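Starting off, we have a lone chain in the form predicted alone, written out as structure tokens.
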Amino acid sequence: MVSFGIEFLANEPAEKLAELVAFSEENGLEYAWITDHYNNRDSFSLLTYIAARTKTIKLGTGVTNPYTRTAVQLASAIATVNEVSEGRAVLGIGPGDKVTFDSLGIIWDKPLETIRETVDVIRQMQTGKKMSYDGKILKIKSAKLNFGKGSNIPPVYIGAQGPNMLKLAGEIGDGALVNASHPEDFKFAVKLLKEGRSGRDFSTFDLGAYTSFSVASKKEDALKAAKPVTAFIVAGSPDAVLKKHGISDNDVQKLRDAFKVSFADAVKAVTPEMMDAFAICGTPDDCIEKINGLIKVGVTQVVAGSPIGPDRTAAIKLVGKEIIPHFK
């Protein structure tokens, strides 16, 4: 059975985000993921605030990283969210953005090993016992959380795109968050996740499709809202990914050239093929059709990411009233 989540950027006041997450909860969404970027509001602070104002929805970082925050900081932060939410915390963690780290003077080194060791430390610290750690990257002589008893260790979701990180996610994660909206991308991901799992049971692994999502009663309204996001995705996608989806070099070049003129011109250059490859978009029935395609290839959680719809409140209501019931 598929579950549904929603992503919110940490660029709005805590009160507004708490209202949106509570509304999502009322409409049957099971997960809320809050983005974590240093130049927005602090995601763990927001999650703690939201936790106190919601009842059932699971709350996670979508996603944090082990470079701007240390392993012990992350352990304390997620344990705090878990305490306030009474066991509803989930930790989304990935290697982060090298370009951002370069601008901050942070060395982005050995991401696979850093993720592996950070997750290991976070899990060990959730037990509440004193621990030491002698890893290739992390060296901890003595650390212990002074709260929590480890009865409920938050599930860990690895934000993964490349082959090696996908394999690692399968090996050490309780789930994965993959930025994609098309079944072809998940055929590739599932193969690598299962390789990382090395024969262990994959049925309990939660594969999250972190989608660009836009739903509205009128298809053209949903398309209009999603095109700006798709323009950014296409402009930043590797050529190999674009070729895999059958998007012509000529159309890609037109879009990238249009960005040099204006953002509005770039949006106009978005083609139907680009929308099909990089967004779940349209009426509830249109979205249901695309979600069915994701489920067939192994997706178990659909995360409605930016823009969600031309009107977020209306879109959340459509997801809750017309999309989720179809899959329950």
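Since the model is a prediction, treat every value here as computed from it, not as a measurement. Throughout, we count residues from 1 along the sequence that is shown.
Omitted here: the form predicted together with a small molecule. The next part is about that form.
**Student:** Of the residues 120, 97, 251, 206, which one places a heavy atom within 4.5 Å of the small molecule in the predicted complex?
**Tutor:** If I apply the 4.5 Å criterion carefully, the residue I get is 97.
**Student:** Which residue, 138, 112, 241, 106, has a heavy atom that falls within 4.5 Å of the small molecule in the predicted complex?
**Tutor:** Selected residue: 112.
**Student:** Is every one of 37, 63 and 163 within 4.5 Å of the small molecule in the predicted complex, counting heavy atoms?
**Tutor:** Affirmative, all three are within 4.5 Å.
**Student:** Applying a 4.5 Å heavy atom distance criterion, does residue 210 contact the small molecule in the predicted complex?
**Tutor:** Residue 210 belongs to the contact set for the small molecule.
**Student:** Within 4.5 Å, heavy atoms only: does residue 179 come near the small molecule in the predicted complex?
**Tutor:** Contact with the small molecule, yes.
**Student:** According to a 4.5 angstroms non-hydrogen atom cut-off, is residue 159 in contact with the small molecule in the predicted complex?
**Tutor:** Residue 159: contacts the small molecule in the predicted complex.
**Student:** Counting only non-hydrogen atoms, which stretch in 227-235, 87-95, 140-148, 251-259 is within 4.5 Å of the small molecule in the predicted complex?
**Tutor:** Every other range fails; the passing one is 87-95.
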